[in-house]
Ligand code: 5RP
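Next up: just one chain, as C-alpha cells, the form predicted alone.
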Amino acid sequence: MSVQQVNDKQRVALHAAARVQHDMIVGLGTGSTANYFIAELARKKREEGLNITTVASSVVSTRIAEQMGLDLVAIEHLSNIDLYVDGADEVSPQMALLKGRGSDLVREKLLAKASDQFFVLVDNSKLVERIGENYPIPIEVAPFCWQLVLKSVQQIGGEGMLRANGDGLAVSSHGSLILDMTFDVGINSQDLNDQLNAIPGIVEHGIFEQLATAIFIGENEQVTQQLK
C-alpha cells in the first residue's frame, strides 16, 4: 500500500509499525487505528520476516492477530513488554489520555504501564485542551459496591450514572460495571487521576496520566508527534 493511498489513521499506524524491531514483545491495542497497526505488523512478518511476539488488549484484537498469523502470548505470562501501541479517545497538551470508552480498560492500562514505550495513534480530532472535554470519564467499579463508589465520586465533583447497554447495564470485559462521569472544567487530569486512584471500589478508570511515550498525530496526509 503506497503512502498516497492511506488515510490519516492508516498513516499513523504505518509510522508506528516502522519502529517495531526484531524480537520485540509488542502490545496490540483495540479499535480501528490499532487494527491498521496489527495488519501492518502481519504484513511485515509475512513479507519482511519480522520476528515479534504480540500480546493483545482485548478479545477483538486477539482474534484479529490470530487471523493474520501473528504469534501471541497471554498477558499473564508477562511482567513487561517492549512496546504498546493503541489509540485514545482524547489527548491533552500534557500527553494525558482518555481511554476506555470500550470494554477493555483494565488490560489496556496494564499493558501501557508495563511497556518500555507506549505509542498513541490518533488523528487531530482527538486533541483536546483538557481530559473530559468531549467524553465522560469511564470508571470501572466492582458490581457489589457501585453505589458507594458513585457517592465517593460525587463527593469529588463527579456527575453521572451507570452506563447502559440496550435494555441492561454495560459490563466491561473484566466483569465490572461502568460509571460515566463528568467533572468540573477547573480540575486537571493529574489531580483527578490521584483522587480516583484513592477511592476504594474503583477497579480502574480512563485517565492515562504520564504513561504515553509518544503521540503520533495524523493530519492532512502528514504525521506529527509529541514526545515525552
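Numbers follow the displayed sequence, beginning with 1. Everything quoted here is computed from the prediction, not taken from an experiment.
Keep in mind that the form predicted together with ribulose-5-phosphate is not shown, yet the notes after this line are about it.
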Original post:
Candidate spot Gly87, Lys99 and Ser103, all three in 4.5 Å heavy atom range of ribulose-5-phosphate in the predicted complex?
Top reply: yes
Original post:
Hey, in the predicted complex, does Arg130 get a heavy atom within 4.5 angstroms of ribulose-5-phosphate?
Top reply: no
**OP:** Consider Ser61 of the chain shown here, and say whether it contacts ribulose-5-phosphate in the predicted complex, taking contact as heavy atoms within 4.5 Å.
**Re:** no
Original post:
Looking in the predicted complex, any heavy atom of Ser32 within 4.5 Å of ribulose-5-phosphate?
Top reply: yes
**OP:** Select, from the options 62-70, 32-40, 186-194, 173-181, the stretch whose residues sit within 4.5 angstroms of ribulose-5-phosphate in the predicted complex by heavy atom distance.
**Re:** 32-40
